[in-house]
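A lone chain, given as structure tokens: the form predicted on its own.
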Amino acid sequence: MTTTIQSPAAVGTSRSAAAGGPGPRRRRAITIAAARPWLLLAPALIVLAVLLLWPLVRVLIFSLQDYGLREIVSGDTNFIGVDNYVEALTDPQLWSVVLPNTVIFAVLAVVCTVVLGTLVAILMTNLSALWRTVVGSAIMVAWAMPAVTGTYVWVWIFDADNGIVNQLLMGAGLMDEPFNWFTNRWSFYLIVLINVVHHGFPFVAITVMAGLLGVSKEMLEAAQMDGAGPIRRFFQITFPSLKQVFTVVIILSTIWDFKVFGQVYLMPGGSGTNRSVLNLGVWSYVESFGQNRYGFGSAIAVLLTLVLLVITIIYIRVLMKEDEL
């Protein structure tokens, strides 16, 4: 008869296994398995932290200083706490001009971009493969056009002297003399709205079309047989099926349209000479590089970032509550 003598470690391992708990080797394997995804993501996360997080931290630090040319040359720091934020929030121009321009324009731009993009996506899903490719290629040209180029095209179209719009309106007898579209606050942002929607709707159209192609045709046909019209089928079947797609599209459009800069700055008067058309992005740039008040401009940039975060969080929470119901 042979007797096997086990070591204390082996006895402990066998006892823990018999008791149902994992042994040291098993726990180590579980820990490594849990850490493996983060180890694989670590290089990308480090790059994102360096490229995105650190600049945000620097902007936040600048916003707490009276930072100008003197501080850049001398390298000194002049911390003033939240004085820049107090000045920005108590500036009448923020509440009467800058914030209304930013918020109202962003809301209109997001609604128009998503609605137009969705309508184009529905149109493309009802086309043949050939015409779908043709229309998709045509709208992608607008999306691929740089914002600078697109802005100058629209400036030329609405030019007060040689613009196509003024010539057509005068030729039709609707105007007696040329009209400068860029001096008026509302006509200025109407042109910006057309420019932004024209540049942004292709992304929405292609994204929504990809989702529409995955919607169950059997459900749509069944709803049609039950007497549901196109609008009812869209809001009761298509839209709920594509809620996540619309969430991504709306959030991205909101972020892009709230921080519109080039389309405003490059238009006549948009660089700060016409103070009635300033938005948060241009105001931050003008105060930073036009007035050499980098601390104050950084504070405005931080406020813009906070506004975007609040809007995004609220929208995501509303959608999550709808999913729970």
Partner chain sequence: MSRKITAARVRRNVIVGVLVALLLIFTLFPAYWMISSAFDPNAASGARGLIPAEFTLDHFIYVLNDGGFAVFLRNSLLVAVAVVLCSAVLSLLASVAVARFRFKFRTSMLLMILIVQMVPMEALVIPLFVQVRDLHLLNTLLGLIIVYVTISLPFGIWMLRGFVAAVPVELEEAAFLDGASWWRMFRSVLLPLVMPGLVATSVFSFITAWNEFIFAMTMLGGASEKYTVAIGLKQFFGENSNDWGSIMAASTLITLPVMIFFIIVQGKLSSGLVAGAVKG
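All values reported here derive from a predicted model rather than from experimental measurement. Numbering follows the first chain given and starts at 1. In this text, rigid core is short for the largest set of C-alphas that superpose within 1.5 Å between two forms.
This protein has a second form, the form predicted in complex with the partner chain, left out of what is shown; the following refers to that one.
A single residue from the set A223, I191, I255, L108 has any heavy atom within 4.5 angstroms of the partner chain in the model of the complex; that residue is I255. Here is the short version: of L89, I72, M175, I80, the single residue with a heavy atom within 4.5 Å of the partner chain in the model of the complex is I72.
Interface residue remark: L127 is counted as part of the site for the partner chain in the model of the complex, having a heavy atom within 4.5 Å. Within 4.5 Å of some heavy atom of the partner chain in the model of the complex lies at least one heavy atom of L266. With a 4.5 Å cutoff on heavy atoms, L64 does not count as touching the partner chain in the model of the complex; it lies far away. In the model of the complex, at least one heavy atom of Q167 sits within 4.5 Å of the partner chain. None of 155-163, 95-103, 215-223, 81-89 except one has non-hydrogen atoms within 4.5 angstroms of the partner chain in the model of the complex; the exception is 155-163. Taking the partner chain as it sits in the model of the complex, the stretch 230-247 comes within 4.5 angstroms of it through a non-hydrogen atom at Q244, V245.
For T31, a C-alpha deviation of 2 angstroms or more is recorded between this form and the one not shown after rigid-core alignment. Once both forms are overlaid on the rigid core, the distance between the two CA positions of L304 between this form and the one not shown is under 2 angstroms. Taking 2 Å as the criterion, F289 does not count as shifted between this form and the one not shown: its C-alpha moves by less than this amount when the rigid core is aligned.
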